[in-house]
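Here we start with a single chain on its own, the form predicted on its own, put down as structure tokens.
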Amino acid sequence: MTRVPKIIIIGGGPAGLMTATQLCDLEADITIVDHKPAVGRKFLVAGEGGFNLTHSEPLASFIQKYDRQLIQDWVTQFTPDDFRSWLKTIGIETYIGSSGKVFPVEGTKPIEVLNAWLKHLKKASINWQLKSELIDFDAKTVRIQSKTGIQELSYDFLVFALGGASWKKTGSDGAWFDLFNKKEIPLVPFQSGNTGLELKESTWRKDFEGQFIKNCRLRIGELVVAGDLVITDYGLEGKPAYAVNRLLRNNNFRGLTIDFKPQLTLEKIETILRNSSKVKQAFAELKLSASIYNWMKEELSKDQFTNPALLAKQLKAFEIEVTGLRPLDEAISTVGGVSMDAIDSFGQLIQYENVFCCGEMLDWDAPTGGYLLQACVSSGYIVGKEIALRIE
């Protein structure tokens, strides 16, 4: 281009910021628009429970955590190692935890990571237009509502990094969905991802809410996930519960079983049950909590509960009756949004030349543990690089 190109990025989360990062060394007029008073709100909230940036597992297995081939391709082009190397260039050192997750070095707060990123972007003289909401767009302009009124901004490249529909307080509210729907951009309805399981009504959970079911194992199809679950008034929370979300949705919430004692064989459990004078005594010997005892007592028939062979089978493969997932706003992430069929291999909308989408607003799914953030920054990297190539 002979003149300075105008690039507008709607959304100041990790995907939008990474897009801008790929463009900040170019001669370009870049504007980042966000409807919150500050960018990176979900980025900061996600770091409250331990700031997991990405994961260190081998790339071949890492990308298998994503359900979309295009996301796998993008992560292959901007890998977890690439992300860690880039973070180092802005002064953020990382380390690998015992579980393989990647964190900033101890003592580094999420706001410090974000501030280092924003400081890096300052060299590009980016225009920051905050407290400004997307109203409409066409092939040449985008309309923004701010406290001063409605502005119509022209662009050469437009990037949407609008997020999904979880954690509304961070700005990720999915409000853009109706606008895109009116423009007949192919969409997929939002659903909760990485969230708790709602179970059928029961009485036992009221007495044990907040307690853990330790060292259990969930299975659905060929997926097996080990870990701890937390009992809630509505059902179950915890990493194993989140990990089975995708298959549960795809299987009409059927087929989920739990092994309460994966360390012991069926035969060993049955032997302990047979040698105990009372079921409660056997549960104590098996080191199974009172919550599990009460769950089984309420759910199983008298014959199942008192027959050692039948009870042993239930303790190794009890089918959990899941009725659904927690609401969107309680979910860590969402699936749905802009259909992957609506974009090309660079994230460009097929219906609009030089208009791109990236991040969680696209319809893909991944577990927690660094996979969500990695896909967001990888998608922003791809979009930014493609725009840079078109400018050059």
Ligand SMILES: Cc1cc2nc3c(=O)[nH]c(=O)nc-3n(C[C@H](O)[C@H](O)[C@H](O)COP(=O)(O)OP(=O)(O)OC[C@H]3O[C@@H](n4cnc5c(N)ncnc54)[C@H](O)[C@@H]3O)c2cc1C
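Everything quoted here is computed from the prediction, not taken from an experiment. Residues carry their position along the shown sequence, with the first being 1.
Although not depicted, the form predicted in complex with the named molecule is the subject of the following passage.
- With the named molecule left out of view, the stretch that reaches within 4.5 Å of it through heavy atoms in the predicted bound form is, among 302 to 310, 172 to 180, 71 to 79, 239 to 247, 172 to 180.
- Although the partner is absent here, Phe51 lies within 4.5 Å of the named molecule in the predicted bound form, judged by heavy atoms.
- Proximity of Trp167 to the named molecule in the predicted bound form: non-hydrogen atoms within 4.5 Å are present.
- The shortest heavy atom separation between Ile30 and the named molecule in the predicted bound form exceeds 4.5 Å.
- In the predicted bound form, the named molecule sits beyond 4.5 Å of every heavy atom of Val383.
- Ala331 is the sole member of Ile343, Val335, Ala331, Val355 with a non-hydrogen atom within 4.5 Å of the named molecule in the predicted bound form.
- Taking a 4.5 Å heavy atom cutoff to the named molecule in the predicted bound form, the contacting residues in 13 to 29 are Gly13, Pro14, Ala15, Gly16.
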